[in-house]
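Only one chain is shown below, in structure tokens, and it's the form predicted alone.
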């Protein structure tokens, strides 16, 4: 799988960009604030129809412009697909092979991209919400239909919370509608939990092996999923849905008082473990970064196996955050992966690759080939 061509119009400071990347390593060099991350964000939007930087996709539109557009030609499995997304302040137009996509669920899965950003290195010690988003991003690249269930769950959650906050409502006036939302959150939440649990079961052995390879310190790394609602994550979906509904009913009084839904998959957490202890409390900064690097290494391996070809890899100036040994390990993994890579950096020397490499300059939202001389 690789991006054959990319067209970007009015995405943040990228006014008009069109180029054909190389099939392996594409290195984008520029100072901070020139548009390097905006480029990776544009590519990610073509994959997920959402940004990794904001929950409001309309924020990618360049100031003063009515819309933004990203179009990509993707080569996958011997076939070429044309992806085209126009983002407007309150809507988006999505086309696949020059045809409108309905329903949008048909769009997902045509393009898989793994993102590794500097913020990811803080995930083990960050907030539960950050870890959930980190996990969900990975589950989506593994099973594209997962994002549709996430969006439906988020919509039902917003509606339930709006009812809880409505000053015209009360615990006596709104139970019927609340019961409907509880049923939706139970059904959709059970799907999210089972997908997350299945993904973690698949990635965990690869994650442990990668951490051991990175550190060679005899420490055991592992992952522990911590759902807010007790239930058999690998059992039958209806039973898990019923457990979520029951938990929501039990906490209705507290939810009315607080104006928010206090339990469900949106409250779950993921814990990184080091020798059985929570890494966020006991691991050094270097060990925490090695844990995230192990996750990304395992993710590339897992996706290559499950999809039959490696995903596109987006690396946003991570090299400057890693020590020399872990930086070398990362590029050894990429060299062996066969992935097409888009790598941003402030200095070309941070990218420890030479073969199959194309360098681009990024200045003021413009992208051009570096002068090889």
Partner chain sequence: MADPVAHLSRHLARLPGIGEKTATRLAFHLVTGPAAHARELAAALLEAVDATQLCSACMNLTDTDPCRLCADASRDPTTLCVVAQPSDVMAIDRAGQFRGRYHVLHGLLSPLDGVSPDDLRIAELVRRLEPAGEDGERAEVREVILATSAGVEGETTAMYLARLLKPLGVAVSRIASGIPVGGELEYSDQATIARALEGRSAL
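Residue numbers count along the first chain shown, from 1. Keep in mind that this is a model prediction, so the values were computed, not measured.
Quick note: we don't show the form predicted together with the partner chain, though the next part is all about it.
The candidate stretches are 208 to 216, 296 to 304, 274 to 282, 98 to 106, and the one lying within 4.5 Å of the partner chain in the predicted complex by heavy atoms is 98 to 106.
Among residues of the shown chain, residue 181 is one whose heavy atoms approach the partner chain to within 4.5 Å in the predicted complex. Although the partner is absent here, residue 83 sits far enough away that none of its heavy atoms falls within 4.5 Å of the partner chain in the predicted complex. The shortest heavy atom separation between residue 76 and the partner chain in the predicted complex exceeds 4.5 Å.
In the predicted complex, the partner chain lies within 4.5 Å of some heavy atom of residue 148. Among 159, 71, 229, 121, the residue placing a heavy atom within 4.5 Å of the partner chain in the predicted complex is 159. Screening 93, 177, 201, 257 for any heavy atom within 4.5 Å of the partner chain in the predicted complex leaves a single hit, 177.
Annotation: in the predicted complex, residues 152, 155 and 191 each come within 4.5 Å of the partner chain through at least one heavy atom.
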